[in-house]
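A single chain, nothing else alongside it, follows as structure tokens in the form predicted alone.
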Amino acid sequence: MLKQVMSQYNEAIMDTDRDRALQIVHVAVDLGISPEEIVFNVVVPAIELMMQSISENQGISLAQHFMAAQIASEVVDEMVPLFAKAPEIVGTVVIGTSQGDFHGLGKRIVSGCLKAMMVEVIDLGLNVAPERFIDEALARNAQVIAISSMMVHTATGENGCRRVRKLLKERDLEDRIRIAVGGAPYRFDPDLFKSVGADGWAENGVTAGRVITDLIREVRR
């Protein structure tokens, strides 16, 4: 029965049919499939399938990408409180758009994927000052600061990642906190993340989950 649920859920995701995807999950739980199985054997594999489809250039649209992440976030938020035992959280990330940037779609996709991977997400919203990224990361004991920039000037400007890196150096926090970046400017120039001082970057919201979890584990080693 679990394989059938997985197949139906994946089909609903590809059709960007949120209501059907949630109905499939609810019926599965009513039939005895555990919340843990829903998250780890249905939702997470669906995210990984989306990631594979993107990497193989199978024509996945932004709508499909966004819907997969949004549904993943909703299902995880609903299922985790029903777990028989509280799940182990991989780590914590604070995420937001760089100062001057008000494009939040990419950030929302990343947040949904991270939740499915058992990462605690602290969403700071749009137009986030560098100092706030640092202060919130310290307050929440976050291992990663994730900065989304959809415009070249917000990605490369002095109030973006460069400033966050400078503050980490000044406060001697570079061993404790990593920086991940993403957005259109980094897709156009895959080496840009190095020049702005980030530790890693991701081409899209799904692969960002892997990049960020790797950085979290790097800090926690």
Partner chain sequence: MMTGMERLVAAIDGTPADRIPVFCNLLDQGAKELGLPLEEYYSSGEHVAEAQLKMRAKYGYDCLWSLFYVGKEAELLGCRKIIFAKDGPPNVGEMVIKKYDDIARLQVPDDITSHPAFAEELKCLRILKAEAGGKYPICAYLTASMTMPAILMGMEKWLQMLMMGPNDLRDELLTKCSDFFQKQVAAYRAAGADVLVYSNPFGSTDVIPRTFFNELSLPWMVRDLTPGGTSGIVYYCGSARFNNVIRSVIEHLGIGVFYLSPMDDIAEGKQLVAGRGLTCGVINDIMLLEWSKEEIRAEVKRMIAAGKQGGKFLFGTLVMPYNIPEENIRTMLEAAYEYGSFECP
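Owing to the predicted nature of the structure, the values given are computational and were not obtained by experimental measurement. Residue numbers count along the first chain shown, from 1.
This next part talks about the form predicted together with its partner chain, which is not shown.
Residues with any non-hydrogen atom within 4.5 angstroms of its partner chain in the predicted complex fall in just one of 80-88, 113-121, 99-107, 139-147: 99-107. The partner is absent here, but in the predicted complex a heavy atom of H153, alone among H26, R176, K169, H153, sits within 4.5 Å of its partner chain. Checking S53, Q64, N41, S34 for any heavy atom within 4.5 Å of its partner chain in the predicted complex turns up a single hit: Q64. Interface residue remark: T16 is counted as part of the site for its partner chain in the predicted complex, having a heavy atom within 4.5 Å. Residues of 161-189 lying near its partner chain in the predicted complex, listed in sequence order, are P185, R187, F188, D189, the criterion being any heavy atom within 4.5 Å.
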